[in-house]
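Have a look below at one chain only, the form predicted alone, in C-alpha cells format.
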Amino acid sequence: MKFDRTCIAIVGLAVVLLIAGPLLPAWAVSLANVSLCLGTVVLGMMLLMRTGLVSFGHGLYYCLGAYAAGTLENLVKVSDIALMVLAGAAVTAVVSGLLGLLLSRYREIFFAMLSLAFSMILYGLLVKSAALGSTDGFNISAKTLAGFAVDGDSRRVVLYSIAVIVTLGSALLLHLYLSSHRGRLAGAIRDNELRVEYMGASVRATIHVNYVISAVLAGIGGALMAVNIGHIDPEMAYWPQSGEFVFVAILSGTGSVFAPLAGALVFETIRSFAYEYSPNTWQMVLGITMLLVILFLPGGLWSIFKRRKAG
C-alpha cells in the first residue's frame, strides 16, 4: 500500500470541505450531511459490487448502526457523538462477522435475497418491539463530543465536520485496502473465482472480509444519519432503504472511492429539489435519472471521468 494521488486528493477534499463548512448556508450543510452519510454506506456497496455481489439487505446494517447509536444514549445515557458512531461500527462488525460466515457461501441472486431476508427479519423484530418505539421509533439528541456540548448554533457545523472526517477517512482507508493484495482480489473474484482459488487465495475468506467491511461502513453511515436527523425508526431496515443504496451504487459506478460520494451528492440533490418543486412526482424524476444513466452511462457517473481520461 502506498500514499498515492488518490490519497492526497481525499485529504485535500476533506480540508476544503472542513474550511467551507462554516461558510455554507444551512440548507447546503444539511444536504451535504445527508449526502456524506449516504456516501459512507455506498462506499461499502461499491466494495461488494467490485467483488461481483449485490446486497438488497444492507438496510440491516444501516439500521443496526442507527439503533446502536440511539440505544447507547437512551439506555446507557451516553450522548457523545464519537462513541455513538463507534457503537454503530462495533455492533455491525459483530453481526456481519457472524452472518458473513453463511452469506459468503452464496452468490448472485441467492446472496442478494438472503441478505434481504435478514434485513426484513430485523424490520419485523423492531416493529414488534415496544421498548424501542415500535413503528414510531424514537428520538435522540447526541449533544456532546469529547465532553463538550454541541447544542445550539454550533451543532450543525460540528455534525457536518464529523461527517466529513468520518466519510473521507473511510474513503481513504477503503482506497488503501483496495490497493492491497487482498483488496485487489475483489475484481479477480468477480471475473473468475476458480482462477483465484488456483492462485492459492481463499475466495470465501476474501468475500467474508469484504462483506464485514461493507457492513461496518453501512453501520457507520446509519449512526451518522441518526445523530444528524435525530430520529430512528424501523423503516431504516425496510427493503426500499436497501434498494436506495443499490440505486445510488449503480448511479455512481465503481471506478473510484470518489464515485459513491459524488453519486450520493447527485442523488440527494436531485431528490431534494425534485421533492421541493414536484412533490407528487419526485420518484418519477429519480426513475428517469436512473434510466438515462443506464442508457448513456452504463458504468455509472464516474465513467464520465474515465472516458475523459481515455480520450
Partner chain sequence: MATILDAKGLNKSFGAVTAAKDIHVAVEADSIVGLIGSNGAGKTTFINMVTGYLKPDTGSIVFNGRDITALRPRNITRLGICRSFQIPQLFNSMTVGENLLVGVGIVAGTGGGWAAAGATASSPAAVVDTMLDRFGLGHVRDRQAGLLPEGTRKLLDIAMAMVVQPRILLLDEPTSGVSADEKFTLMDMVMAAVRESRVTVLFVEHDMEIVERYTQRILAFYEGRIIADGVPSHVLADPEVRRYVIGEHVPAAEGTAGHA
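Small disclaimer: the values here were computed from a predicted structure and weren't measured. Positions refer to the first chain, counted from 1.
If you look for the form predicted in complex with its partner chain, you will not find it shown, but the lines that follow are about it.
With the partner omitted here, the stretch from 231-239, 215-223, 129-137, 185-193 that lies within 4.5 Å of its partner chain by heavy atoms in the model of the complex is 185-193.
Though the partner is left out of this view, Val76 does not reach within 4.5 Å of its partner chain in the model of the complex, counting heavy atoms only. Although the partner is absent from this view, Glu197 contacts its partner chain in the model of the complex, with a non-hydrogen atom inside 4.5 angstroms.
In the model of the complex, its partner chain sits beyond 4.5 Å of every heavy atom of Leu114. Its partner chain is not shown here, and in the model of the complex it never comes within 4.5 Å of any heavy atom of Leu172. Interface residue among Leu99, Ala201, Val157, Ala93, judged by heavy atoms within 4.5 Å of its partner chain in the model of the complex: Ala201.
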